[in-house]
Ligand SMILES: Nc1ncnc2c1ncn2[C@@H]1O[C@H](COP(=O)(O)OP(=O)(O)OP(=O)(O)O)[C@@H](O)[C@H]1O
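Next up: a single chain in structure tokens, the form predicted alone.
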Amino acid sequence: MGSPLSRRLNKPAEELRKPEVRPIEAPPPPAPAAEKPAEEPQGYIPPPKRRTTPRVAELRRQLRPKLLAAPSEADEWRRDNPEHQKIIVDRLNLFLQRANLQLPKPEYDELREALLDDILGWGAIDPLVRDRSYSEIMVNGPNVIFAERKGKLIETEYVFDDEEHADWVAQKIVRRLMRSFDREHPMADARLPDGSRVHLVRRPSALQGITMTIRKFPEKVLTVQDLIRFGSFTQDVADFLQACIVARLNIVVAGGTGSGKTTLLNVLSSFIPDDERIVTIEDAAELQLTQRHVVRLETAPPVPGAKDGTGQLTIRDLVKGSLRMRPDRIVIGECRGGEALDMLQAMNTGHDGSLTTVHANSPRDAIARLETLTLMAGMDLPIGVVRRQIASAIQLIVQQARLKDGSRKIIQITEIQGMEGDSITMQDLFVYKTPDHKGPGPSHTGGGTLQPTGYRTKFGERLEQAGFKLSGKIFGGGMVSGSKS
């Protein structure tokens, strides 16, 4: 049945304007539920949590939907907009007045800020979303929220009230993009208004409750000079990469999760001349190209309720469609499936100068990954044919990594030189080294630089035709003959 206050708050907003027949008594504060302490790794002490008091949490839960004329009414409103805040606070005061509920000032202030966070912001994680010093937010169920700052993960003091509270925020995130997040669609990709990428998973797959992973991006689009200043690479490397982009080499950016692949892809894309038509294809739009002639495409899920996939557009669908849009360049945010075959075919049939990213820990792993993704297209192709497609389509692999100190840097730039028998031959042009590092591969600790190996690119003539005559010192002093990888 619910309490008198609960029954009152569950009435439509129009009925609240009617005179009260009798005052409604406020419910006594419920006793806090005993929490079973979570088992933590030995030696780890989680930070104190900022939990909403039980009485305010219950009022917050009941009032969230009642302060809106429709669930989507405030989806485009902003937490820092005084006019939007006033609308919500005025409605809150009206509801409390109609319910004849008097709250002590500390409880009222707590309830007001909590509702503003839920309706205009992003609930419990709103302070983390608005704080630009955090680059990633990870919600592992309602009670455990981690965040990344300067490359380091920390457990935060913030928690959701319960699973329903986390779901309220998740629904607000996906609703803006006309996507579904429910039992039939337990996983969703979305983005926040500022472009931050969001990945959501719910029960039964997420055993601890709703899981959110939010990858934030700087308010200011990073430029090549920013990355040089951060030590991601040198000016010589930047000049080389610019020459490769303008000369229309096909480039793959490889790296692990959170290594900075998308940021680097965005910077590389900025070198594309303004007079070229660019089509970008992504799962969740993240790229922020500054050129005028850009077509941005994003995957679409099936129409809600459709059982046959009606309305769905995958990366592969968009890649095929983009070939009919007269692109000068195709930029694919990430290859993770059969679209790799369509991308290779596009690169081999006149759409050179294209860019994409793949998850891989080394250039050699990136080749193996592309082989696997190409075979996922469902075509029964011999592996030798696939490798020849890769060797002829891709000229450069740029390996990005997050180092042990949390910094993100290019650690290898490797050129694909062709085929020897059934193997793809590759040559490192630049490798990241630290003073104490030994061995042929790159270092994975901070304090080093991206150094030339002494081998010049075999595409030197192509770069010169594009107007770039690079000095031999960029590659370490000139031509060096040696073994290939």
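Computed from a predicted model, the values in this text were never measured in an experiment. Quick note: we count residues from 1 along the sequence shown, nothing fancier.
This next part talks about the form predicted together with the named molecule, which is not shown.
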Among 202, 165, 197, 329, which has any heavy atom within 4.5 Å of the named molecule in the predicted complex?
197
Only hit among 192, 227, 116, 377 for heavy atom within 4.5 Å of the named molecule in the predicted complex is 227
Would you mind picking out the stretch of 168-176, 214-222, 154-162, 184-192 that comes within 4.5 angstroms of the named molecule in the predicted complex, counting non-hydrogen atoms?
214-222
Tell me, yes or no, whether residue 262 is in contact with the named molecule in the predicted complex, where a contact means a heavy atom of each within 4.5 Å.
yes
Consider residue 338 of the chain shown here, and say whether it contacts the named molecule in the predicted complex, taking contact as heavy atoms within 4.5 Å.
no
Partner contact for residue 141 in the predicted complex: the named molecule, 4.5 angstroms, heavy atom
no
With the partner left out of view, is residue 135 within 4.5 angstroms of the named molecule in the predicted complex by any non-hydrogen atom?
yes
